[in-house]
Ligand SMILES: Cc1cc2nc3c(=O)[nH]c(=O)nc-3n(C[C@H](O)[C@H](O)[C@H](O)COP(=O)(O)O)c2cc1C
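This document starts with one chain, in the form predicted on its own, laid out as structure tokens.
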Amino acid sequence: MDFIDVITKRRSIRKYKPDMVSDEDIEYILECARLAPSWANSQCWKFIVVKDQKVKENLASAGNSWIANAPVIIVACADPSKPGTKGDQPYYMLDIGIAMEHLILAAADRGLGTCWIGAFDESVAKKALGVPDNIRVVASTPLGYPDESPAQRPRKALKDIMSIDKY
């Protein structure tokens, strides 16, 4: 499949079939995330693969109850002390964003659904997963075979989002 096809077919999926995702697919997806670039190659991330139903339910109580129905949840954590900052911009957020995008597109390439989640109660998520105080829980995504086919959402035209040489 061409890369643009992977990007075009990716959707935010909120309903999943109960079929378990193979360890091979999970490893492929995480390998793609591992290869993401990061500030000074700091690789500040750690991904938690959640399969246990009770842990998924505890994690879902952080604000997204529907994710407990996915076969797998992948949680992206970051050590903010590893990458640098520029002004007040903490680069661990950008690093996790790049790695999560690699992960989500790799899942789409394998026919799996995801839904990027960044809004949740971090303290509840940390407790559910045993994450140390110095580590941030930045994002998560359910992972599984889609049980819905959302339509493509409208995108702005290229001419509306670009300019050449000046704003």
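This one's a predicted model, so the numbers in the text were calculated from it and none came from an experiment. Note that residue numbering follows the sequence shown and begins at 1.
The next section is about a form of this same protein that is not shown, the form predicted together with the named molecule.
Student: May I ask you to check whether Gly118 falls inside a 4.5 Å heavy atom distance of the named molecule in the predicted bound form?
Tutor: Gly118 belongs to the contact set for the named molecule.
Student: Does Lys159 reach the named molecule in the predicted bound form if we count a contact as any heavy atom within 4.5 Å?
Tutor: Heavy-atom contact with the named molecule at 4.5 Å: absent for Lys159.
Student: In the predicted bound form, does Lys15 have a heavy atom within 4.5 Å of the named molecule?
Tutor: Lys15: no, not in contact with the named molecule in the predicted bound form.
Student: Flag Asn64 as yes or no: does it have a non-hydrogen atom within 4.5 angstroms of any non-hydrogen atom of the named molecule in the predicted bound form?
Tutor: Output for Asn64 is yes: heavy atoms within 4.5 Å of the named molecule.
Student: Can you pick the stretch from 110-118, 49-57, 128-136, 32-40 whose heavy atoms fall within 4.5 Å of the named molecule in the predicted bound form?
Tutor: Selected stretch: 110-118.
Student: Only counting heavy atoms and a 4.5 Å limit, does any residue of 141-167 reach the named molecule in the predicted bound form, and if so which ones?
Tutor: If the 4.5 Å heavy-atom criterion is applied to the named molecule in the predicted bound form, 141-167 yields Arg153, Arg155.
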